[in-house]
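Single chain ahead, by itself, as structure tokens, in the form predicted on its own.
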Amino acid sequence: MPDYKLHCFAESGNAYKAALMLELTGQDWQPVFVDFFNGQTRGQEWRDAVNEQGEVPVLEHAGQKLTQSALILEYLAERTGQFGPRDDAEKREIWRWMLFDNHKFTSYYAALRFLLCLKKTGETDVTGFLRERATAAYRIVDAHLAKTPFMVGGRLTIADLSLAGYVFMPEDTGIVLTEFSHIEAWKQRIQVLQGWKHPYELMPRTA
């Protein structure tokens, strides 16, 4: 039996953050497919049994169920001794970027991708607003990465893995990603790490 189970599906960038952390740290883990697109997470039975918040990822370990990607990343860093902070100052800096990711970098991009590429709503005022906000967040991260190879401490940390949740997704959101040369170089540095896998390779798309 694997040490960890991760409730996830391939299209979820938030689940990818946890899956990639498990893979890069060499953990014995198993993905548990969640049929999000057919409403599984909206069902009361699933919420009662897995996560009352109705979201993935959910990490099962040692009789616990942990939710929220940032919390899961911190838990795994503590358990594995990898990609975590070296001191309190780094811990604060890591959380600063993980909170920025959850509120700005991931949130706007993920909502844009969901509407435009997965729900296929077409262009609307909402998608235009989301693209503008996501682009602004990308500019901030790109400017930061112009000064450092990784987000905190000059090495890969869970801050990078948080921000990396959606940057490898293949769908075209209308944001010209090649304009962000420092993000593109950072992505390449992550891709060459031993254990890196694309989200659609790492997690199941069907049961």
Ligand SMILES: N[C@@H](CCC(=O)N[C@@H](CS)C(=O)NCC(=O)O)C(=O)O
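Quick caveat, the model's predicted, so the values are computed rather than measured. Just count from 1 along the sequence shown to find any residue number.
Omitted here: the form predicted together with this ligand. The next part is about that form.
Although the partner is absent here, Thr127 sits far enough away that none of its heavy atoms falls within 4.5 Å of this ligand in the predicted bound form. Interface membership of Thr135, defined by any non-hydrogen atom within 4.5 Å of this ligand in the predicted bound form, is ruled out. Interface membership of Glu55, defined by any non-hydrogen atom within 4.5 Å of this ligand in the predicted bound form, is confirmed. Proximity of Ser69 to this ligand in the predicted bound form falls within the 4.5 Å heavy atom cutoff.
Between this ligand and the residues Phe150, Phe36, Phe180, Trp29, the one pair within 4.5 Å by heavy atoms in the predicted bound form involves Phe36. Partner contacts here mean any heavy atom within 4.5 Å of this ligand in the predicted bound form, and among 152 to 160, 137 to 145, 172 to 180, 55 to 63 they occur only in 55 to 63.
In the predicted bound form, Tyr166 is the single residue of 161 to 180 with at least one heavy atom within 4.5 Å of this ligand.
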